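Consider the single chain below, provided in structure tokens and representing the form predicted on its own.
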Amino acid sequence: MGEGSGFGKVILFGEHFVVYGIPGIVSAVDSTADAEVIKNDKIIKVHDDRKGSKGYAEKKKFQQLESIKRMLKKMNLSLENQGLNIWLGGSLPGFSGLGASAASSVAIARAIAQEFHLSFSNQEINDIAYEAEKAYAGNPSGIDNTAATFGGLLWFQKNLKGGPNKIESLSIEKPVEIIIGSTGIVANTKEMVKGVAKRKTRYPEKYDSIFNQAQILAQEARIAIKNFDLLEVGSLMDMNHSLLKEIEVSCKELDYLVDLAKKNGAFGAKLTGGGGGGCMTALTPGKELQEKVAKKIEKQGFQVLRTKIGVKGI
């Protein structure tokens, strides 16, 4: 039996913008997707025991099967007259926006490699997971699978010319508590990415201005994180959410949760991930504030993950 794990993630700055080469900041969270793989002589079968949004696994199952086939091809593995039994679990819920697909892809890739006695570096696992992410996102930036593979707090910039992406580890004084609130809506990342591309083509001047603001904001956020200026980080998260609203990837449920977190003391809040549902995140330093904001959101009937950013990676 092969085993593997992949980190969940939260994008603090830059979702959607990173697809176009704008820098982003992403952090692994202290929750993982875990996979076990055993060869069989029939078909590829996935047993998904992850907790999460109702219907998440069902709505993603066809994309997941495509992602596994993409992985196998990238790994140069032929399953002629052979199949796989794959079990998915772990502490990372199946919420849209948490990088659940990337985390599971990394976990499955590592488990398959172990089951077939193959040796891959972390960068090779990252490349395999990126190929798998195409099934979920169409044109992924690579930020999700990078965080899922390496963990830690990362500066990420996609190379639009096809070369290696720019990935830098960022230091932070200590891990910081956040909450991640789920709208309960299973988002379609692929459609959200397509929508941004369509509107960007239709309104080039408007979108160029927004994207320039996103680039400046990411640079300012990097400095604020280095200085451990959490109030500034929170303020910049609020600005990032406003930009995401302008490119029409938020929704009323996300905006409601963002406002609710802010009203209850969060330093900053924004959607995280592809938008159109999925999750938001709020900066809530200290367990007391984290618990206060989490309970207020849960009281309204939404699921919440209590976690931290800046946790150690590989």
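Because the structure is predicted, anything quoted here is derived from the model rather than measured. Residue positions are given as counts along the sequence shown, with the first one as 1.
Absent from the display: the form predicted in complex with (R)-mevalonate (MEV). The rest refers to it.
Based on heavy atom distances of 4.5 Å or less, which listed stretch (280 to 288, 34 to 42, 61 to 69, 267 to 275) is in contact with (R)-mevalonate (MEV) in the predicted bound form? That would be stretch 267 to 275.
Is V18 part of the interface with (R)-mevalonate (MEV) in the predicted bound form - any heavy atom within 4.5 Å? Yes.
Look up in the predicted bound form whether A218 has a non-hydrogen atom within 4.5 angstroms of (R)-mevalonate (MEV), and give yes or no. A218: no, not in contact with (R)-mevalonate (MEV) in the predicted bound form.
Contact between T149 and (R)-mevalonate (MEV) in the predicted bound form at 4.5 Å, heavy atoms? Result no; T149 lies far from (R)-mevalonate (MEV) in the predicted bound form.
Within 4.5 Å, heavy atoms only: does I11 come near (R)-mevalonate (MEV) in the predicted bound form? Although (R)-mevalonate (MEV) is absent here, I11 would touch it in the predicted bound form, with heavy atoms inside 4.5 Å.
Using a 4.5 Å heavy atom cutoff, which residues in 181 to 199 contact (R)-mevalonate (MEV) in the predicted bound form? It's fine if the answer is none. The stretch 181 to 199, when checked against (R)-mevalonate (MEV) in the predicted bound form, contributes T189, V193 at the 4.5 Å heavy-atom cut-off.
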